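One chain comes next, on its own, written as structure tokens: the form predicted alone.
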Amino acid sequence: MNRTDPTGRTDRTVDVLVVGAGPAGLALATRAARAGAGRVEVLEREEEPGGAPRHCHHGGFGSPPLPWVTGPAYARRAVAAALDAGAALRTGVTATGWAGPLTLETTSPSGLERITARAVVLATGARERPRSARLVPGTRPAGVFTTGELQRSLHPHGHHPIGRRAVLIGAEPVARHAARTLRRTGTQVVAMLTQHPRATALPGIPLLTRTTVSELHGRGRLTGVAVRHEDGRSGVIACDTVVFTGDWIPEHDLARRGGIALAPGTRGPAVDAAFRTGTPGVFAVGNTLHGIESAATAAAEGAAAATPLLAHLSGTPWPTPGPPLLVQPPWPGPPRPTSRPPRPAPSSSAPPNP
């Protein structure tokens, strides 16, 4: 139902409101719409849906990964699946805040809205921390990128180098994809740095472990990066391009504005095993919980969250949060989300734990 108040703001209601049209949000919307969840609406602040895969022109997307499936192709399939299932997809719409526990305020070129839903899903993804947030001193020359900025700077089908000599700050899978992308466009990757004691190297690219960047050099254009090994050795690598990779944090601003508790280990919303936050009716999925997993993993989480979401819509009570479970060191991988097993409801109609 639509209603417009004297200020021109429109109030609407939907059944499921998904914020974020990346792999996780689209997968959940597809499952929910296909299962008959009512009006399922997906909001995307960018002009095109599909999330980060839209900018990743290498192969290997899908589950299982397929060498010939590029990120844009994967994103198009996910969008088509959601639309075919009956979900409504709106781009250029930004959720700016909360007007109630299940009511979001949005803005778009068509005006202001308040959208109330029976269930809200936060699928806002993750963002990279730029050089400024990493507190790397030095000047502000051209030629400094994050992985996302690098992908957006390259023409999807072009082969125009963005520089001659590049250094990658990071050596995780995203960094290796960035290195291959730079090579394809004719940029020589002269080094990859990681502060960790070991990483997987790429043939022909020197890998410097236990090493950090201490300063950027150059005015106008980058001329080099100063690096320091943990044993105290230091030096300068001549380059005109540097790409910061691997430092992802969940896009949690909307969750924070809604008073949703965050997991201290990931800085994403704290959820239980069914992707339920501490606010009844609000779910969180994908890289909103932990930056950064692959597109396939995020999509799998979104699909899995459809089952408890449908249970919520059918009237299953929201469980009372139990005591938090925190992962303690040693943990061999990246930080994981806090898992809070639901405490059984006091009545005999307690919901099963999906």
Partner chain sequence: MSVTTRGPLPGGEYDVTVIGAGVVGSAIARELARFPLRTALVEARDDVGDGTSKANTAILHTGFDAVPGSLESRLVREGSGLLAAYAAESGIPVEPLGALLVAWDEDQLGVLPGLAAKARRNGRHDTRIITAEEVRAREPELGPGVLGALEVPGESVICPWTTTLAYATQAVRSGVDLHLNCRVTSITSGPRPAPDDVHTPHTRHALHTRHALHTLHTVRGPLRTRHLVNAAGLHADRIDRLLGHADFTVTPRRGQLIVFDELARGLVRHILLPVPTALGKGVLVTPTVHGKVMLGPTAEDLDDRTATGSTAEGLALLREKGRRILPALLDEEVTAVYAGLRAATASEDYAIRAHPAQRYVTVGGIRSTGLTASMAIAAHVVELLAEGGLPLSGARDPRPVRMPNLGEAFPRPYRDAGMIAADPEYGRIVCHCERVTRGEIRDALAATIPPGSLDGLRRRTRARAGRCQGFHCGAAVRALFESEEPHR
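Small disclaimer: the values here were computed from a predicted structure and weren't measured. Positions refer to the first chain, counted from 1.
Form predicted together with its partner chain: not shown, discussed below.
- The three marked residues, R31, G59 and G86, fail to reach its partner chain in the predicted complex, with no heavy atom of any inside 4.5 Å.
- Taking H217, R164, R183, R257 one by one, only a single residue has any non-hydrogen atom within 4.5 Å of its partner chain in the predicted complex, and it is R257.
- Per the 4.5 Å heavy atom criterion, its partner chain in the predicted complex is contacted by stretch 109 to 117, the sole one of 70 to 78, 185 to 193, 109 to 117, 273 to 281.
- Using a 4.5 Å cutoff between non-hydrogen atoms, R140 counts as a contact of its partner chain in the predicted complex.
- Interface residue remark: D240 is not counted as part of the site for its partner chain in the predicted complex, having no heavy atom within 4.5 Å.
- Looking at A126, you'd find a heavy atom of it within 4.5 angstroms of its partner chain in the predicted complex.
- With a 4.5 Å cutoff on heavy atoms, G170 does not count as touching its partner chain in the predicted complex; it lies far away.
- Along 246 to 261, these residues reach a heavy atom to within 4.5 Å of its partner chain in the predicted complex: W248, I249, E251, H252, D253, R256, R257.
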